[in-house]
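Okay, here we've got a single chain as structure tokens, the form predicted on its own, with questions on binding and movement later.
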């Protein structure tokens, strides 16, 4: 059984093993009853920890593809669930197409494949996803909003609509942005299917072959998949306590022909850093001097738990160079996939034409329901409620980190957002921690998923919004135990190595 691991991929090693074994089963390379190599044997052959293989085999068992018997080994099931059979009972012939060779590197290393598809089991405590807690969704209020708009204009909403969006929702967004200092008209707002589509549309109209963008490092993996995949060119700008390092950015803008700057100035994902007003003004002036547009991802803006609100880049922009994107995904309903872009009319016009080529328009029914829900004050009420809950979750996580993590680990207290960015001792690997913590029923997002270049292997993002308070405490306790154990092993190994060196010198 041949397995090839890409150790520079953002996809964890155990997931790569799972994917390749699954492919071999589905293609017929491995047949029903075939025995997989023993855990220790495969781990030695691949040069990985035995726990990595154990975790991979456990996932294959959970998928129904293989069965493990103590003392005998792991075998491919008689009727693997993902193998199709023809009417006469014969196995479908493997496809002659060499799909793995044809697929691009960008597809194989997709962040979405590596993170979003790894849904936790019922008993798993997950700190992996920065998403709203589903139990807080105001289902009854939203259902009534859907009923109202269906009764009022259902036949219109179920038809094709304008690609730029549902007009009442556009006007509502204009009024809400005005409250935060953003001046825009309805023709400067485009409704999209979430921030991910917003980023893709922006790339389509502004970034051509050979163009180079400046992107924060680390940053949102969805932006990496849009701007840094395949043959795209980019320059990584480090993120510090005040957000994007503007000294580095200034050097980049002076030396390179940058086409676009992407930034998350408020409650940065994943670091939690917030750019202060002085830095925001400086960023705008730098961009104006070099005539480079700035894409401001403001998706976490409403998730502020303490401190004074800061003006967005868009509100401070005197030059019309900021392209502002936001979404209802963090404040309300990620599954509805409704976001928006605010930009100068000429930019919106080009974005609108690009959107027409992709999907015509976002769901009118969904847009109308969100508008109805929002105009009645229900969204504001919901945001107020979840902010109180999430602030409590954050504080419980921070207290648990202080209690259960080793003193060598470090983190900052974010004023908002949905996660805590933790730096482990440099000798530790977050990927290896994840393999061991998964066995303890705890998962998180390893830091390397968020880097455009030079990934830091000792970083982890711990999201606190989806997990109930009692499970946050328990999850951090288990995770802290794993981190301490791994750190202890590393210290013992270093001590043994130092002793051997000393003996050799004597």
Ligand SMILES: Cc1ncc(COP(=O)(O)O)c(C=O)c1O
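What you are looking at is a predicted structure, and each value in this text was computed from that prediction instead of being measured. Residue numbers count along the first chain shown, from 1.
What comes next is about the form predicted in complex with the named molecule, which is not displayed.
Comparing 323-331, 406-414, 248-256, 272-280 against the named molecule in the predicted bound form, the single stretch with non-hydrogen atoms within 4.5 angstroms of it is 323-331. Mapping the unseen interface onto this chain, residue 194 counts among the residues with a heavy atom inside 4.5 Å of the named molecule in the predicted bound form.
Interface membership of residue 337, defined by any non-hydrogen atom within 4.5 Å of the named molecule in the predicted bound form, is confirmed. In the predicted bound form, the named molecule lies farther than 4.5 Å from every heavy atom of residue 302. When the named molecule is considered in the predicted bound form, residue 351 lies well away from it, no heavy atom lying within 4.5 Å. The partner is absent here; in the predicted bound form, the one residue of 234, 421, 166, 220 having a heavy atom within 4.5 Å of the named molecule is 220. Checking 386, 128, 264, 370 against the named molecule in the predicted bound form, a heavy atom within 4.5 Å turns up for just one residue: 264.
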